[in-house]
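Quick setup: one chain, the form predicted alone, written in structure tokens, and binding and motion questions come after.
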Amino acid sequence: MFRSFGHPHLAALALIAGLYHAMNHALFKCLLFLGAGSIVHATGTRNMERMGGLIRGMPVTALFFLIGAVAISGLPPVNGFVSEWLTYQALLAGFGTTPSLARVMFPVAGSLLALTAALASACFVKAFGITFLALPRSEEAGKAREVSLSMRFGMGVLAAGRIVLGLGAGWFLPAFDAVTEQAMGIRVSSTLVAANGFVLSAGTARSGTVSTAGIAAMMILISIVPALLLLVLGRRSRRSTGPTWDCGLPGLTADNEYTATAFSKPLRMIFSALYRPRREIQAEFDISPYYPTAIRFESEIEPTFEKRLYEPVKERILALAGRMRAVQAGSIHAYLAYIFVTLILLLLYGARG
């Protein structure tokens, strides 16, 4: 759209943002897949409901998985934030530089991108919290230990790449100049990078600037203050250890934790028209309904796309394939007739050509 409306700079900016985001996804998704593989290797299960508390036995894997989760959620200062920020800048600039009807696409696209980022953040807060935090929900999770050095090394390399591509994005953006010059006839990396690569800009008059290195430095400085306070106060005060407050219950267990299903309930309620959740609760009573002896709960999400899109298409394809089976009659005479008709058609087509 930018190219068709005569804005090559914005077209190049959008292209760089898309390519950088694709590269970032290729890298931090590999990190998350390696992290998931390490978890499965250590616990022997893919069921998140049987995990929990893995950060105690697998602190290195938890750290690398957290870096990947922050990156895919588009949070600063890692690489996912940079490419999403460049995409937002292109969308914001497009709203004021395109005709009245076409400009509607840019706020709609920006809203969808913001919704996607919010849902990704909610997804990986659940994934990290349910998997690594709280108490182990199974014996396998309680016995899980850190994976081998080779597995941690692979995740460490990718995690370091996430940080480098985030903090030093300005050093890597010039690599896309060859692509934008060939596609758009313009090189824009010099207008996107300032302060020796530590500050990014969209290169337009009304665009903002951001420095992921500056954000990281601020986060470090902010964390130093409470760390020093804890260190000083910890030396001056006496420490005592007691049980965690359990609201008067006899003790906290894994049964008191949030489950993955419960964590995602708000999202399932918001998108209930799409997911169409079904709940069924059955209670068994002995004497009074106020004193149930057993309660059974069942929850299910309707596979909307599979049921209403893929299955009808699949059934029609199979029905068409069943009708086409009549062509394969097993008769040599029929096959010779097919060849004869095909040759006649080819001769007629060639003669007309």
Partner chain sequence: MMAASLKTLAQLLLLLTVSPLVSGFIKTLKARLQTRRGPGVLQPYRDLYKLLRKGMVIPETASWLFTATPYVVFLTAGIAGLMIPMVSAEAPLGLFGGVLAVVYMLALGRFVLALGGLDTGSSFGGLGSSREMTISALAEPAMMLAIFTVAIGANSTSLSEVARTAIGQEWRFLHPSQMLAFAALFLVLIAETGRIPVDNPATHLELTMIHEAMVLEYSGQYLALIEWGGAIKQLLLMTLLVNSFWPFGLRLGWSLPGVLIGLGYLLLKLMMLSGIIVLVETTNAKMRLFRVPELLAVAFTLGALALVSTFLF
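Residue numbers count along the first chain shown, from 1. Basically, rigid core = biggest C-alpha set you can superpose within 1.5 Å across the two forms. None of these values were measured; they are calculated from a predicted model.
Although it is not shown, the form predicted in complex with its partner chain is what the next lines describe.
Only one of L149, A273, A178, L233 comes within 4.5 Å of its partner chain in the predicted bound form through a heavy atom, and that residue is L233.
Proximity to its partner chain in the predicted bound form, taken as a non-hydrogen atom within 4.5 angstroms, holds for one residue of L66, M48, V40, C30, which is L66. For the marked spot (V70, F95 and L267), a heavy atom within 4.5 Å of its partner chain in the predicted bound form is present in each of the three residues. Of the candidate stretches 154 to 162, 70 to 78, 138 to 146, 168 to 176, only 70 to 78 has residues with heavy atoms within 4.5 Å of its partner chain in the predicted bound form. Taking the partner from elsewhere, R103 is found to have a heavy atom lying within 4.5 Å of its partner chain in the predicted bound form. Although the partner is absent here, S83 is not a contact residue: none of its heavy atoms lies within 4.5 angstroms of its partner chain in the predicted bound form. The closest non-hydrogen atom of L34 lies beyond 4.5 Å of its partner chain in the predicted bound form. Not displayed here, its partner chain is kept clear of S190 by more than 4.5 Å at the level of heavy atoms in the predicted bound form. Contacts between 232 to 248 and its partner chain, taken as any heavy atom within 4.5 Å in the predicted bound form, involve L233, G234, S237, R238, R239, S240, T241, G242, P243, T244, W245, C247.
In the core-superposed comparison between this form and the one not shown, the C-alpha atom of L221 has shifted by at least 2 angstroms. Once both forms are fitted on their rigid core, the CA atom of R235 lies 2 Å or more apart between this form and the one not shown. Fitting the two forms on the rigid core leaves the C-alpha of T244 displaced by at least 2 angstroms between this form and the one not shown. Distance between the C-alpha atoms of A134 and S240: shorter by at least 3 Å in the predicted bound form than in the displayed form.
Relative to the shown form, the Cα atoms of T241 and I130 move together by 3 Å or more in the predicted bound form.
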